[in-house]
Structure formats: C-alpha cells, structure tokens
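Only one chain is shown below, in structure tokens, and it's the form predicted on its own.
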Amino acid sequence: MSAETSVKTVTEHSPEEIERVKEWINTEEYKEINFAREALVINPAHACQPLGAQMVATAFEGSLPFVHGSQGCASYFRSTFSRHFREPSAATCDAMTEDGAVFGGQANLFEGLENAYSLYKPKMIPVYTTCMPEVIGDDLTAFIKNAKQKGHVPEDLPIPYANTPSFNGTHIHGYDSMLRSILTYLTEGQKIEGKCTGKLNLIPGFDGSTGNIREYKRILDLMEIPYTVLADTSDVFDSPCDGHYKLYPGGTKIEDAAESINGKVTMAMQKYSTVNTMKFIEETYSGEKVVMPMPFGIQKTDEFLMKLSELFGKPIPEQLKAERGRAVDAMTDAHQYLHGKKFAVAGDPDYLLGIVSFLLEMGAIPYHILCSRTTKKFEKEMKALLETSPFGAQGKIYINKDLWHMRSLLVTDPVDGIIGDTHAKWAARDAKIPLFRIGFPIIDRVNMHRTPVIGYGGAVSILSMIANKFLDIKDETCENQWFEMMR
C-alpha cells in the first residue's frame, strides 16, 4: 500500500502489546471480566426473530414472505437461508427508509403488497416486521385492512402478520409468532364439531435440516399414519434440479393447514420454538395435543415411535426395529471413540437437549452447554437431563451467554470438541479443537442439511461424523503409519 493510500489507525499498538493481549484473553482473569459484561453481545449463537418468521412464511404452498422493514434486513435473511441450504430463498420487502421511520410505513406496505401480488401471484403473503416498524409502532392490523379496502390487493388474499422485533427474542421466537399467526388466520371458521381428519399435525419447529423433516415423513409413511407437516420446508429448500425454476416449490398446502384444526393429533417436536403456537392449538384445535423432545439418539427416538403407536394404534414396523438394531450395533462398535471425551455444545434449546441426550447415551461428557437466549425453565430441564446419567455430572450450563463467552471456557477449561453451527468455528480454532457442525446456520460446509440427525439413522450419522473426525486427527498427526491397521 502506498503512502498516499495508507490508512492511519486511531490507536497504534506495538507488536509486543498485541502479543500480550493475545495471551491475556486466554487467562482466568480475562474470563472473569468477560463473564461480567452485560450490555455487549459478541458472536451470539442465535439469529433474530424475523429470520425465524421467514422460515415459516416460506413453508406453505404458494406463499411469498414479505418483510415490513428495511432492504438490508431482508437481504440478510435471504442470504442466510441461501448460504445454509444452497437454494434460492424467495422473499420480498417494502424497503422502508428514513421517511418511513418518520411518517410510518403504510405507504411502503401498500406499494410493496401491490407489486408483490401483481408480479408473483402468491396464494398467501405472510408479513413480518423488523426493528424499524416495531420501534415506531406501525399498526399492521390497520395497514393490511386499509391495503385491501383501497384495492392494493384482493380482499380474500390471506395476509397473516407477525410482530417480530429483532431487538428481543431469537429466530425461534419469530418462528413461533409467525406460525401461530398463519394457523390463526387459515383455521378461522374451519372448525367443525365432531369432524376428525384422522391426521397427525406434525410441527417440526425451527429446524435447518430438510433431512430431518424428510425423516419424520418417512417414519410416518412407514407407520401408515396420515399427516400434515406444519410447516414443511423440505421441498422448498431442497428442491430437485430438473432444469425448471419454480418460484414456489413445495410447502404445506394451504387447504391442509386450514383443515388441521380438525386433526386427530397435533404434535410439536420442539417445545421452546412452539410455545405460543401450542397455546393457541390447546385452546382452539380438536384432538390430542402433544409436545415431544426431538428424537436424537436411541431413547428419544424410541419415545417418539412408541407415542405414535399409542396415539394411532399402529404397530412399529419391522423396518424401524431393524434400523434401531443397526444403530445400537453401530454405537457399540464405535463407543470407545466418544466414551469419556468432553464436549462443548452451543445452539437452540431443543437441539441442545437432543444432542446432550445423544452424548450421554454414548458415554461422552457434555461439559460446557451454552444457549444464547433462553429461560431458567430450560436450565432446569437441562440440569434434570444431566442428572439422569453419571456422564452428566460434570456438565455446566450457561444461559444467555454468547460464543465469546464460550471461547473463554474452551481456552481455560479445555474439552475435546465442540458441537454447534458455523459461528462456533472461531472459538474452536482458537482452542485448537474440532467443530462438529450441527444446527443452523452451516454456511462453510455443503449438503449437511440433507442428512438427518434425528431418528436411528441420524444417531449413526452423528456418531460417524464425530468418531471419524477424531480418527482423522489421530491418523494425520501420529507417527505410526499403521494406525488402526494392525492390532
């Protein structure tokens, strides 16, 4: 860089000072200071509410997600989904700017809805907010009503909306708000006394794995249980490459979602990302309502299958029994590579409960367990899970902490590996341990969203990923060229 174009830094630091600080941030002294901070978040292990809302808004047939807010926010949501799934993530936005912040965003919403409907002919336009309209207090009930009365969009076009401010909650809360809003809108007036569709309404919760959703559907097909997935992203974010672009690939049919209120059973597979949705369902839906833990590992998958069998009077197919046997065999064959190893885990509450359950089954030690934003209720549930196994005795739970806190933990109280999404990579690199990528988003590896991590097959996949990575590290660093070849 030439002298004319060089940039003078605000503060100059000597190389010696830089090295001193690099060493200092690995100390117990710095960890105490790090854990004392309150007003600053560094590298959170979560995304914001409207991103979660977009996951739901995308997951219905012919649905066009609509961001009421700034263009930059909409670009962030779309790019995050596109990078994780390696698929287009369709969404539109009314691009609020400074004038909208002063005068309100109704004019933006009118023009945006009219253009979106005219250009893309969606069956539904779910609207969700970003920080700006939430701070100024935009009244979406009135805005959407006015848009229909003034003829910007048809009166009968479904436009459910959710208030999803980015400055509180996380993506799982936005998912919850948007799903409740869509189901409230679509099921209004659809309940028929005494009618039962005989179907299971399966709510997967915020799940960045299309493989998981396909696995749920495969299990239900094998058990011959009719179902509606609320909301189904499997084809939306994992559509075939057949030479034809589809703006609206897949998704839950709107008529099926409307009819879901008359279902036989409604089952949520994530407690913490469906709290308000399940409250609404408890109050309004027919049939039984069940909240299950994600079926990670053997025990949780057993519980899921046995509950389905109980609710629908269906036997568990021999194929699934054989899969269970193969999973148990695989875990027995490879347990020595995980047994006794310490792990750090970071992610969403429901994912954390599932991953920790799997680690305990393998005789591994979930040592540092971190959730960015959650409640004491989650902490209590995780503690109870750890107490079910002697391998959970050393586990320490950190709620409402971020991945910079995790870094301090890793460098002062080391573990063998960390399980989390891509954003845990920096902490893993500084601690010189492997990162096992499970969760959302995973943007630095490919196709991981296509492999299920739930069910018996998912247990084998997680086990193989972790054990083989440890074997790779050993093989690449040991001097013995005959490693694992001769006994």
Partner chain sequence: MAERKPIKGITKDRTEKLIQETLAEMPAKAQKKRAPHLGANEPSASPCAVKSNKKVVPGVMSQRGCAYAGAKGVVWGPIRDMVHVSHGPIGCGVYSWGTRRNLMQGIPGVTSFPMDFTSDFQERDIVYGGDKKLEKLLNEANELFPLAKGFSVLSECPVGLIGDDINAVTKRMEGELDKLVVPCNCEGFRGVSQSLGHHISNDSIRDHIIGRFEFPDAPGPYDVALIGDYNIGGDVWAAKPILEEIGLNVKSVWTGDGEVEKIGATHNVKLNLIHCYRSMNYMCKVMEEKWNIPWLEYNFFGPSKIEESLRNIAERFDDTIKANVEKVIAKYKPVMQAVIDEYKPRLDGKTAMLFVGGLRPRHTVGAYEDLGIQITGSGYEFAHQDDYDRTAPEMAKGTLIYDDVSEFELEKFVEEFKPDLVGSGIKEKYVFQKSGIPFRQMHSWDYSGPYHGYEGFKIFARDIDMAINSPTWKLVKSPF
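Take the two forms, find the largest set of C-alpha atoms that superpose within 1.5 Å, and that set is the rigid core. Just so it is clear, the model here is predicted, and its values are computed rather than measured. Residue numbers count along the first chain shown, from 1.
FYI, the form predicted in complex with its partner chain isn't displayed, but the following is about it.
K.L.:
Just give me the single entry in Tyr285, Tyr398, Trp404, Phe312 that has a non-hydrogen atom within 4.5 angstroms of its partner chain in the model of the complex.
P.N.:
Of the listed residues, the single hit is Trp404.
K.L.:
Could you work out which of Val415, Met132, Val153, Leu386 is the residue within 4.5 angstroms of its partner chain in the model of the complex, going by heavy atoms?
P.N.:
That would be Met132.
K.L.:
Does Ser166 reach its partner chain in the model of the complex, with heavy atoms at most 4.5 Å apart?
P.N.:
Judged by the heavy-atom cut-off of 4.5 Å, Ser166 is in contact with its partner chain in the model of the complex.
K.L.:
Given that the partner is absent here, does Glu17 sit within 4.5 Å of its partner chain in the model of the complex, heavy atoms only?
P.N.:
Taking the distances in the model of the complex, the answer for Glu17 is yes, it comes within 4.5 Å of its partner chain.
K.L.:
Should Thr27 be counted as a contact of its partner chain in the model of the complex, where contact means heavy atoms within 4.5 Å?
P.N.:
Flag for Thr27 set to no.
K.L.:
Please run the contact check for Val7 against its partner chain in the model of the complex: heavy atoms, 4.5 angstroms, yes or no?
P.N.:
So Val7 counts as contacting its partner chain.
K.L.:
Is its partner chain in the model of the complex close enough to Lys123, Lys380 and Ile442 that every residue in that trio has a heavy atom within 4.5 angstroms of it?
P.N.:
Heavy-atom distance to its partner chain in the model of the complex: none of the three under 4.5 Å.
K.L.:
If contact means any heavy atom within 4.5 Å, which of 355-363, 316-324, 97-105, 338-346 contacts its partner chain in the model of the complex?
P.N.:
So the stretch in question is 97-105.
K.L.:
Going by its partner chain in the model of the complex, which residues of 79-103 come within 4.5 Å of it through any heavy atom?
P.N.:
Residues within 4.5 Å: Ser79, Thr80, Ser82, Arg83, Arg86, Glu87, Pro88, Ala90, Ala91, Thr92, Cys93, Asp94, Ala95, Met96, Thr97, Glu98, Asp99, Ala101.
K.L.:
Would Asp475 count as moving between the shown form and the other one, using a Cα shift of 2 angstroms or more after superposing the core as the test?
P.N.:
No.
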